[in-house]
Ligand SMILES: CC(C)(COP(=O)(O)OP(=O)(O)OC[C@H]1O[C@@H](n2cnc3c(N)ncnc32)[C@H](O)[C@@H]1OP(=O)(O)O)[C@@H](O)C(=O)NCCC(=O)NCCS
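We begin with a single chain expressed as structure tokens, specifically the form predicted alone.
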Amino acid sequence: MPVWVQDQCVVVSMVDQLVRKVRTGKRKSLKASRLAFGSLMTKKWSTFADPDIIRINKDLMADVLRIYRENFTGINERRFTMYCRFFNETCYAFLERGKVVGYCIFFVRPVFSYSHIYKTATLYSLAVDSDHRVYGIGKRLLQKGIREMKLNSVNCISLYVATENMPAISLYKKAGFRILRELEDVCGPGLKCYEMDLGLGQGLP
């Protein structure tokens, strides 16, 4: 069977699974449907081993949520845990002596064109425990995520970061992200943030 026919079969199968998901939740929003489709795009996720970084699982969630609460004021644990559940393959925890000291969470979304379905990713949340911020843990988590996005043909990664969060902005710039624009109320009510993105070498049409 030609490769393009196999690809079409895969897409049809993914769409069928998405339709079933949407039908079981009749009130799902378009955003939720896109997230459901995105989660299907990570089911056969290619990865590489890192002795200190593993996927977030239910046994680690309490420690991950602790770090989340310590680092952010606009807390939405329901959304946070939903992304960890939908996108388990792209949610990473950094362990030191068996303890979670940092995490990085991406979610994947489809972008539809006339002839293709492209993958894009959003860096939803990245944080490191306050006692471990000078050891390059955030950099390693980000590098692993970017490397796996490239490995799985993701076209670009976007993120939103508070304009006053200079350490994070510096980290993202060093990783190749660029500032696109300044926005309000995205990172929290009344807060200003930058939208940043990183192209991964496979441009969208």
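These numbers come from a predicted model, not from an experiment. Numbering starts at 1 and runs along the sequence shown.
Here the subject shifts to the form predicted in complex with this ligand, a form of this protein not shown in this document.
Asker: When this ligand is placed as it is in the predicted bound form, which of 38-46, 176-184, 58-66, 138-146 ends up with heavy atoms within 4.5 Å of it?
Answerer: Going by heavy atoms within 4.5 Å, the stretch is 138-146.
Asker: Against this ligand in the predicted bound form, would F72 count as a contact residue? Criterion: heavy atoms within 4.5 Å.
Answerer: Taking the distances in the predicted bound form, the answer for F72 is yes, it comes within 4.5 Å of this ligand.
Asker: With the partner left out here, check for me: in the predicted bound form, does some heavy atom of L171 sit within 4.5 Å of this ligand?
Answerer: Because a heavy atom of L171 falls inside 4.5 Å of this ligand in the predicted bound form, the answer is yes.
Asker: Answer for R133 alone: is it within 4.5 Å of this ligand in the predicted bound form, judged on heavy atom distances?
Answerer: Flag for R133 set to yes.
Asker: At 4.5 Å between heavy atoms, is V154 in contact with this ligand in the predicted bound form?
Answerer: Output for V154 is no: heavy atoms all beyond 4.5 Å of this ligand.
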